[in-house]
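In structure tokens, one chain follows: the form predicted on its own.
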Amino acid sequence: MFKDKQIQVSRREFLRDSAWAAAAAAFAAAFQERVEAQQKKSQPTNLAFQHNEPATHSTQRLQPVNIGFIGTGTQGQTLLQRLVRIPGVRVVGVCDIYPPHLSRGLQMAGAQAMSYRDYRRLLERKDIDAVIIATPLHLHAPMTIDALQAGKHVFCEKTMAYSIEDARRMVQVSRETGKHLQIGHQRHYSPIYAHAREMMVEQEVIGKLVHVRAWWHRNNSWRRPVRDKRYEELLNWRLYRKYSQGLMAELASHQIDVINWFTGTTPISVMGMGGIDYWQDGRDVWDNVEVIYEYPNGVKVVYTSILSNQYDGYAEQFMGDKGTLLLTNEKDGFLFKEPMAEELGWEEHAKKAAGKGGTTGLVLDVTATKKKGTGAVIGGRKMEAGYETKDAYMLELESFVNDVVRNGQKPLCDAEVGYKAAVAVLTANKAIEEGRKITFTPDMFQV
């Protein structure tokens, strides 16, 4: 089902080869003409702070960062609504081939944003410092490579690429151009994950890691409603193998990335199974996957993702001989100690939470991760006041704008980190498809 073949496709080819191409092109052309005519009549000046900057920053005139935004569907809009709240950001170009998404993206970006149907025209602009790419998976590599070669820093949504070969090429081009590539595994920027990792790695609160469980369970079809069937594949691309790598790429990649990060390693082997067993509605990607990874030192990782039961939600569970760290719903963390584990100096001050089987867990407090003052520290950078009210999407975008684009720092989740997660999940798909155990070699994770 899933092949590691290199995808070389432009937006123009994607349109040409899709059933909905003619309708989309005609609709978009008319929309483009109307929008550009309106913009020529009234092009505002100095909108970076009128639209994007909160009043509290009115006296802090940051150097504007001009962003081009490619892909304004559901995930793109999730990012865009946060991006425009970052002081000094100007979203000056928005690109999408689906007119309703383009229209919504332009509304969110502000009046200074120009619209584009061809992302390459957006990349030609010399005033754009960086681009954000939130398009279907099979377009990540060609768009990212083009953007890097156009001299832009790039934030690309996960999974990094449709194939391992494409992901490797993205790393290579980032190195060749000297432009940074950040991958959208937002947990790297989450205070609760940073705190949990510090407890596990530096404080060794769970002792020796022996086993990991991770899961992402839903009870819905993963299908978006489409009134006009010409747009079926465009809007439901995740359900079709020519665009998507399924549950492993769209959901598991986040959690396998966390396991790589927390353990400081990559998997040794993988095997699994999957099927289209519940939602038999024309999709050709699996609606359930069950995967077992082996990591160094005998650590086993059991991963499941299903679309027919939501009871367990989604979580990562790290089990050691002294305790268990449980991270749930990307916002809550708990420590459940083993009965014979020694007393921790701080646990009498911690909040308590009920666990399974009558156990009591300690609630993780993100403000406890402190170095040189107060506040959480992520990747060596102290979080500013108010970080605890922001989600990981906001924090990763702030880091991209301020640390990467403005200050030239290497992203916490850079191309190499994203590449390792991509290799792990894309190889799992291959193992499921071929019905065999695949052993990783160290060179598979190197570029």
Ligand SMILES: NC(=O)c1ccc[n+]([C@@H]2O[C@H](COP(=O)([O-])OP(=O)(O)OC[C@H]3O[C@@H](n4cnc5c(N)ncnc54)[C@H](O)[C@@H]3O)[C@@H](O)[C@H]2O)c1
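When you see a residue number, it is the position in the sequence shown, counting from 1. Predicted model only: the values in this text are computed from it and were never measured.
The discussion below concerns the form predicted together with the named molecule, not included here.
**Asked** Of L139, V301, I145, A194, which residue is found within 4.5 angstroms of the named molecule in the predicted complex when only non-hydrogen atoms are counted?
**Response** Exactly one residue meets the criterion: L139.
**Request:** Name the single residue among G76, G333, P267, G93 that comes within 4.5 Å of the named molecule in the predicted complex, judging by heavy atoms.
**Result:** Going through each option in turn, the one that passes is G76.
**Message:** D129, H153 and S174 - do all three of these have some heavy atom no more than 4.5 Å from the named molecule in the predicted complex?
**Reply:** No.
**Request:** From the candidate stretches 259-267, 336-344, 283-291, 155-163, select the single one in contact with the named molecule in the predicted complex, where contact means a heavy atom within 4.5 Å.
**Result:** Of the options given, it is 155-163.
**Asked** Can you check whether G105 is within 4.5 Å of the named molecule in the predicted complex, heavy atom basis?
**Response** No, G105 is distant from the partner.
**Message:** Can you tell me whether Q186 touches the named molecule? I mean in the predicted complex, with a 4.5 angstroms heavy atom cut-off.
**Reply:** The answer is yes: Q186 has a heavy atom within 4.5 Å of the named molecule.
**Asked** Taking 4.5 angstroms as the cut-off for heavy atoms, does H254 touch the named molecule in the predicted complex?
**Response** Heavy-atom contact with the named molecule at 4.5 Å: present for H254.
**Prompt:** If you check in the predicted complex, is R224 within 4.5 Å of the named molecule, heavy atoms only?
**Reply:** It does: once the named molecule is placed as it appears in the predicted complex, R224 has a heavy atom within 4.5 Å of it.
**Prompt:** Heavy atom within 4.5 Å of the named molecule in the predicted complex: which residues of 233-255 qualify?
**Reply:** L234, W237, R238, E250, H254, in sequence order.
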